[in-house]
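Before any questions on how it binds or moves, here is one chain, the form predicted on its own, in structure tokens.
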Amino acid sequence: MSEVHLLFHQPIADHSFSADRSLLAVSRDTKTVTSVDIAPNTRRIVTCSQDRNALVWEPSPTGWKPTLVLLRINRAATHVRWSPDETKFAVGSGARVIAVCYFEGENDWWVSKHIKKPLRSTVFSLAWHPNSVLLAAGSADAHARVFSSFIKGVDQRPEPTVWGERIPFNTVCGEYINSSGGWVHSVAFSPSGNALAFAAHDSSVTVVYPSAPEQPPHAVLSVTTQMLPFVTLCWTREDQLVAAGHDCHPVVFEGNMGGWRLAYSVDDPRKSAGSGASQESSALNMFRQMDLKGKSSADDTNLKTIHQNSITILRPYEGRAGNVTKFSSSGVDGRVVVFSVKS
């Protein structure tokens, strides 16, 4: 079963639920806001926009109080995400820069440090490692990269991982290219942080298993599909992730270091086509509509999926990291939908 919420008749670029799911923040494409994220524990909301700014919204007795963030970028901000420990957030941009932002108590404002090299184009997507130090980015230069965002005085020294041990700010811990040269629309760390998935414009999903710092990865596994490009990813388990995009319905991939495959579709449009007598009745109705109105049906433009246009973002909705039972999606059709995952 799925829960469908039609919020607007305009596109939704991004959405985020609070931890108790009592609060929903959305960014709409009709405005300049491009991305939004809610910190689960503090309930702070961060937004970024095409006007090159980011705002942190904090609850107050009189409503939500905004604080401007010093991003220091000269192109649109494209994507924003809080770190898991909620002490920092990262903002991608069209300026070939990622702004890693943190609160400076002495001056009572949010400031940023820039990750620049070797980014060569717009950053589309960001994802945090569970340790809140490593940061993945997907960009229009066909690369998915993993950077260190370690900030002295803000972060605790992280435990060693397969991505590295001593990792000063802006260290490149991993760099992977899409073989077709397609834009990398989305990146996502697995629940353990030991694998990275990215979706590219050639309708592929790639999962990378690193081995050790400055060593070739254990495996780089790509699944190429015949679908339209995916633009968002969401891990539900260590061996399962969901992808969605321009085909208007999510699909589930399953696998491990031995290989990945497209397992099944959620809200599969082929299953709503009917069978037997219903198909015969549908065919008869189609010819009647062609005769009367010159078109095949009364709802020519309706898709056989819940979302009636591209899906922009997937988010975990229910469950815990590594065992997500429900996920939410938002799309260009103005809907926010909650789907269940097969156990």
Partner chain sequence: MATINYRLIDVDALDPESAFPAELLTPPCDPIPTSEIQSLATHCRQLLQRGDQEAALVAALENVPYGGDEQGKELHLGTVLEILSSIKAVEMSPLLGRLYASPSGTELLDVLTKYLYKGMARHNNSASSTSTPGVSSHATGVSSVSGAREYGVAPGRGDGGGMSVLLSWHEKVVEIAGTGAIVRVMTDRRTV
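Nothing here was measured: the structure is a model prediction, and the numbers come from that model. Numbering follows the first chain given and starts at 1.
Another form, the form predicted together with its partner chain, is not on view; read the next lines as being about it.
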Find the only residue in V111, V154, I177, V208 having a heavy atom within 4.5 Å of its partner chain in the predicted complex.
I177
Within 4.5 Å, heavy atoms only, which of K271, R261, R166, R75 is in contact with its partner chain in the predicted complex?
R75
Whether S132, K326 and S340 all lie within 4.5 angstroms of its partner chain in the predicted complex by heavy atom
no
Based on heavy atom distances of at most 4.5 Å to its partner chain in the predicted complex, which listed stretch, 100-108, 249-257, 188-196, 226-234, is the contact stretch?
226-234
Is the gap between K88 and its partner chain in the predicted complex 4.5 Å or less for some heavy atom pair?
no
Report whether the minimum heavy atom distance between S265 and its partner chain in the predicted complex is within 4.5 Å.
no
I'd like to know if R81 sits close to its partner chain in the predicted complex, meaning any non-hydrogen atom pair within 4.5 angstroms.
no
In the predicted complex, is there a heavy atom of its partner chain that lies within 4.5 Å of any heavy atom of D141, even though the partner is absent here?
yes
In the predicted complex, which residues of 178-212 put a heavy atom within 4.5 Å of its partner chain?
S179, S180, G181, G182, H201, D202, S203
